[in-house]
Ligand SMILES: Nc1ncnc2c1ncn2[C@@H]1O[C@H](COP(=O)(O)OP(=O)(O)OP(=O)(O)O)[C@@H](O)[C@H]1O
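Take a look at this single chain in structure tokens; it is the form predicted alone.
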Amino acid sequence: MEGLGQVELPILSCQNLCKSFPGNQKQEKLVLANINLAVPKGSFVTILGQSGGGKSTLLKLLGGFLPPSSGRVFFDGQPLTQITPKIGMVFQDHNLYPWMTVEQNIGFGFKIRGDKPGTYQHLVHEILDTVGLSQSRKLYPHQLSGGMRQRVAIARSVVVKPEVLLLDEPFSALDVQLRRRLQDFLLTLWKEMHITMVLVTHNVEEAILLGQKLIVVGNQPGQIIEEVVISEPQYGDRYHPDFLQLQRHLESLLDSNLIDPVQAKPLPISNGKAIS
């Protein structure tokens, strides 16, 4: 109807998503249960949970790398049934090809697509400038630091201009200072390239600093137990009292052994504060 605005659908979402894997004595082990999630286009969503809670499995389901046991995943309003070049993924391990240079690794996606080097070489050079690796383009992965290798892995994923980038704890193996530098780098890249990003982590500080929407996943089986909308500037300062208060709340939530995800109904949170 004229004069009425249309509600924009999330670019990535799932409904009643469940995932089981074969367990002992031929019984299925339920890893994720009843996940309902909406990722707005252009947003940065972080998924926080303890190790072994199914976060990486959820990310692979959202990218079409795994089929759901039940429920559905939607990409751009359509059911997602297989992987698509419109959704990129960065894994915990950089997975760079050791026999290729930085430049060749970054351009590999174009190569397997069958594109001629003349059609994409300028894009590779642009992303090398963006991630600060132009001077290292002829080096091989073994000649790079851990942080540089992760930057190459991220550059390889974003150079083909996906609409969504999924990141599976890409900084977990790095020291604190390098991790913080790469967090800043990733935020800058997100702002400049306008790519929707979804990152899973077990680091509470990282989840708050990077996320516009923060999803907390409980364990056994993994279920969403709380959502936090983060829009106030103080949550970009890891030393601000509001940041520290939210950090303590989330750490307590993750550490608690009393939460039953089926029964618990946490308060919704906006701007890092519970809505009563």
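Numbering starts at 1 and follows the sequence shown. Worth saying up front: this structure is predicted, and the values here are computed from it rather than measured.
The same protein has a further form, the form predicted in complex with the named molecule, not shown here; the description that follows concerns it.
(message) Can you work out which of S69, Q247, Q50, N34 has a heavy atom no more than 4.5 Å from the named molecule in the model of the complex?
(response) Looking at the other structure, the residue within range turns out to be Q50.
Specify the contacting stretch among 36 to 44, 203 to 211, 236 to 244, 53 to 61, defined as having any heavy atom within 4.5 Å of the named molecule in the model of the complex. Correct option: 53 to 61.
Margin query: Under a 4.5 Å heavy atom criterion, is E103 part of the interface with the named molecule in the model of the complex?
Written below: No, E103 sits far enough from the named molecule in the model of the complex that none of its heavy atoms falls within 4.5 Å.
Given that the partner is absent here, does Q121 sit within 4.5 Å of the named molecule in the model of the complex, heavy atoms only?
No.
Q. If you check in the model of the complex, is Q92 within 4.5 Å of the named molecule, heavy atoms only?
A. Heavy-atom contact with the named molecule at 4.5 Å: present for Q92.
*asked:* Pick out the residues of 164 to 195 whose heavy atoms come within 4.5 Å of the named molecule in the model of the complex.
replied: Only a single residue, E169, comes within 4.5 Å of the partner.
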